[in-house]
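Just the one chain here, laid out as structure tokens, in the form predicted on its own.
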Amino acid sequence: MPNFLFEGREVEAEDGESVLGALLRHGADVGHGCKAGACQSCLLRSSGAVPSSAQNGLDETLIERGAFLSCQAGAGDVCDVERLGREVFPRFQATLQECRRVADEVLFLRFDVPGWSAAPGRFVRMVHPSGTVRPYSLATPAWNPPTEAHFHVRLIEGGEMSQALADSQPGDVVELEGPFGKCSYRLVHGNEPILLIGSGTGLAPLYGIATDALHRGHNGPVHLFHGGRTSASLYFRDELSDLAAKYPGFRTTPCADEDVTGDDLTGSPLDHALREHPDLTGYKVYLCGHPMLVKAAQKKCFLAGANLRDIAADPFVPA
């Protein structure tokens, strides 16, 4: 039977068992959620080698520090593991200031986070007092105080975190770990056209990135395509209209698959984006939202001329 060390204590696993499975069977107090590698609640770290398949989808910062998904690692593939200590990834207390629905299935949340600073578009691991952990991207406009953290949270039926957040009241406290990821505006940009394509709450990082670029005086055009299942599911319309009115270089194109109303376009935001921008040579491209959309968009944008180095992607895996 495979054995490994958990914080100095030997854990005996069964053949074919995952690290997480063995720890839970022995009563270890470790976080876990979907057990499918999506929610990242079961992150542990190892000072030794871990299988690359247990690090799929993790941010480079996490990988560099030996973090891995314990639900995806076989017990026989690791030697010693431990929980992520706060000395490795500091946590910040975040106090809820505002919580409101911006669409039937989307919550907007604004937190005050003393000592906090993060570029719009990056993501954090939100830790609820119940112990539930989920990653969320930052939607904070660039001109807001750096101690604010804004999020767009998709309400998932039966979802532990989204339901807990929906029931939250101003004054409630969660913890934020991070930020992680590289999906953010970089100062080296300046004149290049920027194309942002997203679906659902993938708008959150794209909105933050757009405000950051415009606030820093980006000279090139910025075009955001936002898709949803229906026109009614598209949100933040007023905020995007205000952005377009304030910055002539910014445009937004709403797209929906069905029940399309007004000037919204019918179909995929990716298809419409590539129809309007067939040659992406020299573009900076940001992709966020449903994993299938992001994966298809990476390939099609590359084939349309975008350099792989200039394509930043943030797939939202349901958890």
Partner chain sequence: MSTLYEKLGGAAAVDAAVDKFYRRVLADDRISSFFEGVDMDKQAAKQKSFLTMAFGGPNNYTALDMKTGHAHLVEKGLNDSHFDAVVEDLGATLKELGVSDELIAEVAATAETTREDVLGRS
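So that the term is clear: the rigid core is the largest set of C-alpha atoms that superpose within 1.5 Å between two forms. Note that the structure is a prediction, hence the values are computed from the model and not measured. Positions refer to the first chain, counted from 1.
One more form of this protein, predicted in complex with the partner chain, exists but is not displayed; see below.
Chemist: Just one of S231, Q72, S184, S162 has a heavy atom within 4.5 Å of the partner chain in the predicted complex. Which one?
Modeler: Flagged contact: Q72.
Chemist: Specify the contacting stretch among 26 to 34, 248 to 256, 53 to 61, 269 to 277, defined as having any heavy atom within 4.5 Å of the partner chain in the predicted complex.
Modeler: Stretch with heavy atoms near the partner: 53 to 61.
Chemist: In the predicted complex, is there a heavy atom of the partner chain that lies within 4.5 Å of any heavy atom of V11, even though the partner is absent here?
Modeler: Judged by the heavy-atom cut-off of 4.5 Å, V11 is well away from the partner chain in the predicted complex.
Chemist: A306: heavy atom within 4.5 Å of the partner chain in the predicted complex?
Modeler: Yes, contact at 4.5 Å.
Chemist: Heavy atom to heavy atom, is S18 within 4.5 Å of the partner chain in the predicted complex?
Modeler: Because no heavy atom of S18 falls inside 4.5 Å of the partner chain in the predicted complex, the answer is no.
Chemist: Is G74 displaced by at least 2 Å at its C-alpha between this form and the one not shown when the rigid core is overlaid?
Modeler: Passes the 2 Å threshold, so yes.
Chemist: C-alpha of Q298: shift of 2 angstroms or more between this form and the one not shown, rigid core aligned?
Modeler: After core superposition, the displacement of the Q298 C-alpha between this form and the one not shown stays below 2 Å, so no.
Chemist: Closer or farther: the CA pair Q72/S130 in the predicted complex, versus this form, with a change of 3 Å or more?
Modeler: It is farther: the C-alpha separation of Q72 and S130 rises by at least 3 Å in the predicted complex.
Chemist: Are G158 and L58 closer or farther apart at their Cα atoms in the predicted complex than shown, with the shift being 3 Å or more?
Modeler: Those two alpha carbons end up farther apart in the predicted complex.
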